[in-house]
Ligand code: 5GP
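As a starting point, one isolated chain is supplied in structure tokens, in the form predicted on its own.
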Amino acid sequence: MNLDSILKDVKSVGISGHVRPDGDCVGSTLGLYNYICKYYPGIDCKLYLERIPDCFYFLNRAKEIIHVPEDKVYDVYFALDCGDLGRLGAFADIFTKARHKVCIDHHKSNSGFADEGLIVPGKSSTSELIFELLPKDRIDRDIAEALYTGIVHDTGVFQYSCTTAATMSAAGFLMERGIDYSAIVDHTYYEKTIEQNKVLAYAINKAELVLDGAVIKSVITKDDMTRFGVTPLELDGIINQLRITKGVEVAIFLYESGDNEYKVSLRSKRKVDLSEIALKFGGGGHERAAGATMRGTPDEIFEKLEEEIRHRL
């Protein structure tokens, strides 16, 4: 894929990422958005995302993100870090109306829903894919901050198995653009509010080990979120903390998102391909990190997931 060829003679560009934007979604979309705004000032470019976590607002142009769809037809529309059209949420319609639709993604479960796609499941992150697409002499500090943030989050600060030598090389290049890389990690990955720490402690305290200790599971309800004064955006670190429990291969975390509805986050260490499980329940993701939305009680959902995991251990 040649990004500059796609942008040649284009007058309008839209960009979106997946619902409930995480670090890679925010980093990759802002990286591309900053690039187009700086080097293609004649293009009317807009970035559409749901509300992003507060920790990402230090990134350049983050405050320009539009949170509601507009009735507009773009010449080109980029869907980043999205495995299927449904993951665009409220912005699926504006994407569908675009004259040329492009998807850049690293999810194994990608359905190939765009006119043109760059889908590389072996990459650590969509941010790494954007890095590879951009001319290196045009990656300034603002772009580097966004892409580094995205890479950091989808690699778990370079500890997940998706981290490759190419990932580390990309991160090293971005570090040399003058970014405060240690502050980015502290501020966006490790730093938590007291409310987040309390709900994290609560989720860990109520966690259970099943399948002979190979699986750990926990759940947060709407009442729990109200009690601790947090929103779903502030539950992001819980699944990763569950994952690092000694002896555990798979971590399951649920949070209540609607009437008899739960968002499911799955993480594994080495053995279980979670993308297959998530796909079976209408979700998607990577081998070691995936998710879905499931209906039922927590016990019913856990039972279904545990049955799928049992066959793969």
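What you see is a predicted model, and the numbers here were worked out from it, not measured in a lab. All residue numbers refer to positions in the sequence shown, first residue = 1.
Form predicted in complex with the named molecule: not shown, discussed below.
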Please state whether every one of the three residues R87, K263 and G283 places a non-hydrogen atom within 4.5 angstroms of the named molecule in the predicted bound form.
yes
Can A292 be called a contact residue for the named molecule in the predicted bound form at 4.5 Å between heavy atoms?
yes
My question is simply whether H107 lines the interface with the named molecule in the predicted bound form - judged by any non-hydrogen atom within 4.5 Å.
yes
Among 66-74, 284-292, 241-249, 47-55, the stretch whose residues bring a heavy atom within 4.5 Å of the named molecule in the predicted bound form is 284-292
